[in-house]
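We begin with a single chain expressed as structure tokens, specifically the form predicted on its own.
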Amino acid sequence: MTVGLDRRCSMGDFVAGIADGTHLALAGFAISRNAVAFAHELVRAGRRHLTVTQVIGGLETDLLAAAGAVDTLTYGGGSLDRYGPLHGVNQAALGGSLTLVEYSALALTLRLHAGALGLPFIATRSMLGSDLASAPTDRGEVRAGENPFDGAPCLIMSPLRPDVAVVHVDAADKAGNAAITGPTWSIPETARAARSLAVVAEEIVKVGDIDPSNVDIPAAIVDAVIPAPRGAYPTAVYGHYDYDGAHLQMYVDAGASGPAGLAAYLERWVYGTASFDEYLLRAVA
């Protein structure tokens, strides 16, 4: 563990360092463990022309898409689970302001895995026999190939190295050692593939309080530690709080009414609040 470093910073200071055009990787999964506080801050800061990678799209990415912050989204699909689709993503894509690059969830995770390991490429059989490989092939990210051992067809994929990844964790110390309870999905690959990593933490603990065997993200790969209690609300964080179904349904209903509905939601709940704490006071009251 790293003991002598203090990587804590505020959400505002971290977002101030993210430029327009950044390639951002997010690690939330549908309505679980979304970095919603980060998305709110990024929207209020007026960022534009982002490229976003997220294995399974969730609320954080939909908020960014609804705000017009994202030009390109690479993902393996996504939704707000039982409440409905990603209306912000879908409307931006249909309107022509957002380019969607779709992979299977496995193939995209493997590209992140290759980036994390520093591999020049990685092979997969995922997406063979479907048209999912068409857009990535046209973009030069995927090539048709064959297994050199048995000659069977496969796809050769380039590694993926986002500029910045943001991961919502249960607990982190000031150096950046972080723990995640429950499913981790593609979080390890996303965190390790990025050139810069921020962990957004429910709780900041003392260095040494996290058992080394429970450290899911080591301090050595972390650049910023951001305290944000309930920072994934209204999505769930395993062992801390459940998703807020009423708020999620309100968001989906707003999106179902069209871009104006999402704009009204953003005006009330994001632009109309000075901070995520103020948003929580309104939403949870």
Partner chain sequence: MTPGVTWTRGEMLAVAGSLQVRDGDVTVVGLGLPQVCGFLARRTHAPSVRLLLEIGAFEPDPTESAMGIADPRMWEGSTAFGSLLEVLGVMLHGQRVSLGLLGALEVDQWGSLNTTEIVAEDGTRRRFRGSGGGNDISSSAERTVIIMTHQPRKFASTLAFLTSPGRRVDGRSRPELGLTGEGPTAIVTDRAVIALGASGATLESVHPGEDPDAVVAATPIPLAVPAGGPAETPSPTRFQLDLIRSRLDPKRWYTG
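Positions refer to the first chain, counted from 1. Owing to the predicted nature of the structure, the values given are computational and were not obtained by experimental measurement.
Heads up, the form predicted in complex with the partner chain isn't pictured, but that's what we're talking about next.
S.K.: Taking the partner chain as it sits in the predicted bound form, is R125 near enough to touch it, meaning that at least one heavy atom pair lies within 4.5 angstroms?
M.R.: Yes, R125 lies within 4.5 Å of the partner chain in the predicted bound form.
S.K.: Wondering, does T74 line up within 4.5 Å of the partner chain in the predicted bound form on heavy atoms?
M.R.: No, T74 sits far enough from the partner chain in the predicted bound form that none of its heavy atoms falls within 4.5 Å.
S.K.: Given that the partner is absent here, does L100 sit within 4.5 Å of the partner chain in the predicted bound form, heavy atoms only?
M.R.: Flag for L100 set to yes.
S.K.: In the predicted bound form, does G129 have a heavy atom within 4.5 Å of the partner chain?
M.R.: Yes, G129 lies within 4.5 Å of the partner chain in the predicted bound form.
S.K.: Exactly one residue in V225, A69, A236, A219 has a non-hydrogen atom within 4.5 Å of the partner chain in the predicted bound form; which is it?
M.R.: Looking at V225, A69, A236, A219 one by one, just A236 meets the 4.5 Å heavy-atom criterion.
S.K.: Select, from the options 256 to 264, 59 to 67, 23 to 31, 46 to 54, the stretch whose residues sit within 4.5 angstroms of the partner chain in the predicted bound form by heavy atom distance.
M.R.: Stretch with heavy atoms near the partner: 23 to 31.
S.K.: Given a 4.5 Å distance limit between heavy atoms, list every residue of 250 to 285 close to the partner chain in the predicted bound form, or none if there are none.
M.R.: Residues within 4.5 Å: none in this stretch.
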